[in-house]
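There is one chain below, alone, in C-alpha cells, taken in the form predicted alone.
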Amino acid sequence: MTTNMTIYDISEKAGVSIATVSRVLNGSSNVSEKTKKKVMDIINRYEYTPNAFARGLGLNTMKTIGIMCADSSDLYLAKAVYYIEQLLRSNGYDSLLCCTGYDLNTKEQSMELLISKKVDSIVLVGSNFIYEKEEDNRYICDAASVVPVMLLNAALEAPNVYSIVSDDYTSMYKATAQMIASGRKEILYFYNSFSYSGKRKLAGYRAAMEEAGIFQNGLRMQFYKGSHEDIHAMAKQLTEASQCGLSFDGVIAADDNLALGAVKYALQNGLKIPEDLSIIGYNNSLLATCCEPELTSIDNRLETLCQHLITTLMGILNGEEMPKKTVFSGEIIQRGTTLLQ
C-alpha cells in the first residue's frame, strides 16, 4: 500500500489524464465504464482517499501557484499578472505563468500542465476563461476537484471555485447614463469581446440606452475584430461607419485602447473633443493620460481586486472559510474627453 498516494499518481498508474481521474472522483457521466473501472481499480488497490484541500492544510505543499492569462500583451491582463505575482511573492509563494491564447483546447492543456506541476492553486486572470456552455467550463471544475481555482473578474458557481469580480454592468450603465445626462443622444458603443466581462459591459450600456428610449435596436453598437494594438484600424472603422451614414456624438469604449481609437478618429476628422464628440474608456490604464485631451475612463479597481483575490486564496490555503464571490464597484475618472454632469 502507498500511504502518500496523490491524484497525480493515480493518473500515471491508470494511464489517463488528471482531468479524467477528477471526473471519476466526481461521479461524472462523461467517462466510459472501461476507463472508470481502470481508475477505480487503482484507487481501490492503493486505498486512495481524495482530499482537495490537503495542500491547503500544509501537506506536501509546493508553495507555488499556477497563473493562466490569455494574452500577456494586453495592458489590463499584464498589470493583473504583475500585481498577483508580487502579492504571491510577499506571501512566500512562487508562481508559474501560462499564456494560453483564446483557444479552449490550449486552455485545457495549460490547466493540466499546471496541475501536473503540483501547484497549490490556479488563478485564471481575466474573463475569457468562462464559457456560456456548461460543458466548456468542465476543465475548470475538474481542476477545482484537485486545487482551489481563483477567478479574476469572472464568475462560475462550482465547488472550490472562488470569484473576485468588478461590477462591469453597473459601471458601464452609470457611464452611459451620465453621458446621456450631459446631453448626448447618439452614443456609440465600441467593443471587442464577448467574454464574461464583455457581455456585462454591453448589457450595462444597453440598459441605460433603453431606459432613456434611445437604443434604436443596437444601431450604434460597433464590434471591432482587429488587434487590440492597432489604434489606426480602430479609428478607420469609426471613420467608415461615419461615412456610411452612422452619426454619433459620443463613444463609450469597452477598453482604453478602443477609446484611443475614437480619439484618433476625432482628430483625423476635425472633430473637437469633447464639444463635438465625448469619449469614455474602460480600465483607467496608463493610456488614459497618454492622449490630449486626457481620457475619461472607468477605473475597475484592478489592484484592489488582485489584493482581495490573494487574501482570499491565502485564507483558503490556511483552511479558513472564505467567500465564494466578492464584487467591487468601479469608478468613473473624469478627464478632458467628457463634460459629464
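For every residue, the number given is its place in the sequence shown, counted from 1. As the structure is a computational prediction, the values presented were derived from the model and not from experiment.
Not pictured, yet referred to below: the form predicted in complex with a further copy of the same chain.
The candidate spot formed by L75, K117 and E294 lies fully in contact with a further copy of the same chain in the model of the complex, as each residue has a heavy atom within 4.5 Å of it. Contact annotation: a further copy of the same chain lies within 4.5 Å of heavy atoms from the stretch 228 to 236 in the model of the complex, the single such stretch among 228 to 236, 132 to 140, 186 to 194, 241 to 249. When you look in the model of the complex, the only residue of L104, L97, A155, I180 with a non-hydrogen atom within 4.5 Å of a further copy of the same chain is L97.
The listed set L267, A212, M221, A203 contains one residue whose heavy atoms approach a further copy of the same chain in the model of the complex to within 4.5 Å, identified as L267.
Residue contact with a further copy of the same chain in the model of the complex: M314 places no heavy atom within 4.5 Å of it.
Under a 4.5 angstroms non-hydrogen atom cutoff, a further copy of the same chain in the model of the complex lacks S121 among its neighbouring residues.
The shortest heavy atom separation between L271 and a further copy of the same chain in the model of the complex exceeds 4.5 Å. When contacts are judged by a 4.5 Å heavy atom cut-off, T176 does not count as touching a further copy of the same chain in the model of the complex.
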